[in-house]
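Only one chain is shown below, in structure tokens, and it's the form predicted on its own.
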Amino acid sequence: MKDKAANPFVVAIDGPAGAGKSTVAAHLASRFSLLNLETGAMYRALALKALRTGTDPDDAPAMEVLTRSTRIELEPADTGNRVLLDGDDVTQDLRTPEVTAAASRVSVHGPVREWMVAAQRALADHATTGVVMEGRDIGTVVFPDAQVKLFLDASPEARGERRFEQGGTAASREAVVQDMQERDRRDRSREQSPLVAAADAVLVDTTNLTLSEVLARTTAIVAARIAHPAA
């Protein structure tokens, strides 16, 4: 799907935590033979390195220094991407509550986001097919010229309920929702690349939609753009 003489075909998916971005990205990548570049996994990998090296995730200068010695790679696998941190497979280490919380904290730093944007663009440029990228600022900062921009959203209560039902936490439903609201506040209020929908993004509110309905709606949007690229 990618013409080497042109920009890669990019599907940019943005939205708050728990809105279903990762699930939609994986589905669209499989459906349209696109490479799924998981930006959230990249931030989690950097956060994991910060925790392992004793670097304070809230210390912007220290985090900037850490990026200079960090290499993050994504390799397609049958069950999603393998995430390599400085050559080591850390895929199974990225979903702990500690890494999740640290990833949100490191993502607010301007130098870290600039480093991530450069890394994400490089990964897309080297892809042999088009790509799907999901995160907080893909359609606004990383790929403002993406052919397809989706903004997935849902109420904090709905997103918190989904995270709670996924398991992996001993927190109560109320605590999970409260944590979701705090992450929203950080993402939407940060100075560098705040979470906002691109002006030309298609908003998909998943609050009252089933997963099948969300996948059907987003698939139709991408299919229409592929069929009519100039639309």
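Since we're looking at a predicted model, the values are computed, not measured. One rule holds for the numbers: they count along the sequence shown, beginning at 1.
The form predicted in complex with a small molecule is left out here; the points below concern that form.
>> My question is simply whether residue 71 lines the interface with the small molecule in the predicted complex - judged by any non-hydrogen atom within 4.5 Å.
In response: So residue 71 does not count as contacting the small molecule.
>> Since only the chain is shown here, I'm wondering whether residue 136 would be in contact with the small molecule in the predicted complex (any heavy atom pair within 4.5 Å).
In response: The answer is yes: residue 136 has a heavy atom within 4.5 Å of the small molecule.
> Taking heavy atoms and a 4.5 Å cut-off, does residue 82 contact the small molecule in the predicted complex?
Replying inline: Taking the distances in the predicted complex, the answer for residue 82 is no, it never comes within 4.5 Å of the small molecule.
>> Can you tell me whether residue 104 touches the small molecule? I mean in the predicted complex, with a 4.5 angstroms heavy atom cut-off.
In response: Yes, residue 104 sits close enough to the small molecule in the predicted complex that at least one of its heavy atoms falls within 4.5 Å.
>> If the cut-off is 4.5 angstroms on heavy atoms, which of these, 49, 27, 183, 162, is the one near the small molecule in the predicted complex?
In response: It is 183 that has a heavy atom within 4.5 Å of the partner.
>> Please pick out the stretch from 148-156, 96-104, 74-82, 122-130 that is in contact with the small molecule in the predicted complex, where contact means heavy atoms within 4.5 Å.
In response: Of the options, only 96-104 has residues within 4.5 Å of the partner.
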